[in-house]
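First, one chain by itself in structure tokens, the form predicted alone.
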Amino acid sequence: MQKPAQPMPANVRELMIRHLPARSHIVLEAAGRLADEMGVPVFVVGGIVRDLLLGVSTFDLDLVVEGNGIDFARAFARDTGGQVSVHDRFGTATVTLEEGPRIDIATARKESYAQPAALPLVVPASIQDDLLRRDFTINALAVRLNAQRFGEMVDACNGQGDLAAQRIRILHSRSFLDDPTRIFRAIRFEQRLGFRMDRPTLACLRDAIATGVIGHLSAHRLSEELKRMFAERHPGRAIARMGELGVLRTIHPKLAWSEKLEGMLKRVGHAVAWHERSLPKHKLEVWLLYVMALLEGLPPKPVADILKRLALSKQEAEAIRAGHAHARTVLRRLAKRPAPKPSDVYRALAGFPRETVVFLLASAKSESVKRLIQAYATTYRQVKPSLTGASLKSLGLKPGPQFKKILGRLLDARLNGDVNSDMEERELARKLARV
């Protein structure tokens, strides 16, 4: 559990020096100098300020300008040699530096919502107004960057007090109705920080869920929130809280918290940890494994409905379907006696996405089956025969269907240790060609 320093400071200049990466601090000072030249107030806002008060380093920077944020962003990119991309509708821009953090720059604004879950309508406003539009008080914090007032805190809603009390609190009663993604963010911040929603916030969240407002979220916005949730350090805790609050059932009526799901999530966590230790250079889309865990044991129709609701990419959906449809068959195949050869393990698992293989590892009950899956992921998957189709042609063999058969047999021989050199492969290839 994170605990902010006591008492909360009115100026955080020293905290910025202590906790921000040096490059980030240089960027913020440069933004303050530019703001002075342009005659506008500029602030760093939101999560970076929250994390600064908690003593946590943050890399991405969010700036708010009381003025034209896009003009400021273009001038900042020009001064720093960065690249700028502009989002006119919201008065925001992103500056990407060759070395250093990404900087999101926005015009201070008010927001209003024409209907629940709609994107907001925005108008320019003051920093106080800008902070009042945010999701939670602990994120409604800003630090001024202009040189004479560098490090000065702006706390519109006693966010510092809520940090000290380890409390998640919304800024107004319609917050979750205006933007249902805040339901997911409230749960995510609870679990990440070890905080708890206060009673009024929790009551508003339950009321919003009861209205069915989550159903108004687009597939993209819903799936993005779930991806962020499941990419957290302890996604199992967040899923448990979603089950407790009834959020899972809003995604699909068949989704619910259970002891079986709890056990599956723990095994997924162990499998992910193994992968990170054993294959640190191989990227794993961890959130996909937690979706697989949620769907484990469901009939095909609810699975298809949920995948459609989330509008995942074809590749993501295929990885999930493979884990759901083939897990039991593959695990039974690997559990046969006598123990399968390395080539049998390869044939059983080849073609599955990496995430599906790790989910199979999580699903396996037998230690011997787990070892086979681990061997495939770390060793067998990388094995290839040294000979190619061109090599077979150089041996005088004619191209045709037999090439595929011979190359497959060479791979099996390599996996099983029946051949260990190019020469032995060539001898086996000639023998197979005569059969």
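All figures in this text were calculated on a predicted structure; none of them were measured in a lab. One rule holds for the numbers: they count along the sequence shown, beginning at 1.
Another form, the form predicted together with ligand CTP, is not on view; read the next lines as being about it.
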item: Close approach of D179 to ligand CTP in the predicted bound form, 4.5 Å, heavy atom; value: yes
item: 4.5 angstroms heavy atom contact with ligand CTP in the predicted bound form for D135; value: yes
item: N139: touches ligand CTP in the predicted bound form, heavy atom cutoff 4.5 angstroms; value: yes
item: Proximity of R174 to ligand CTP in the predicted bound form, heavy atoms at 4.5 Å; value: no
item: R347, R185, K227, R333 - the one with a heavy atom within 4.5 Å of ligand CTP in the predicted bound form; value: R185
item: Options 186-194, 210-218, 296-304, 243-251; stretch whose heavy atom lies within 4.5 Å of ligand CTP in the predicted bound form; value: 186-194
item: Within 4.5 Å of ligand CTP in the predicted bound form, all of R33, D36 and P41 (non-hydrogen atom); value: no
item: Ligand CTP in the predicted bound form - contacting residues of 24-58, heavy atom within 4.5 Å; value: G46, G47, R50, D51
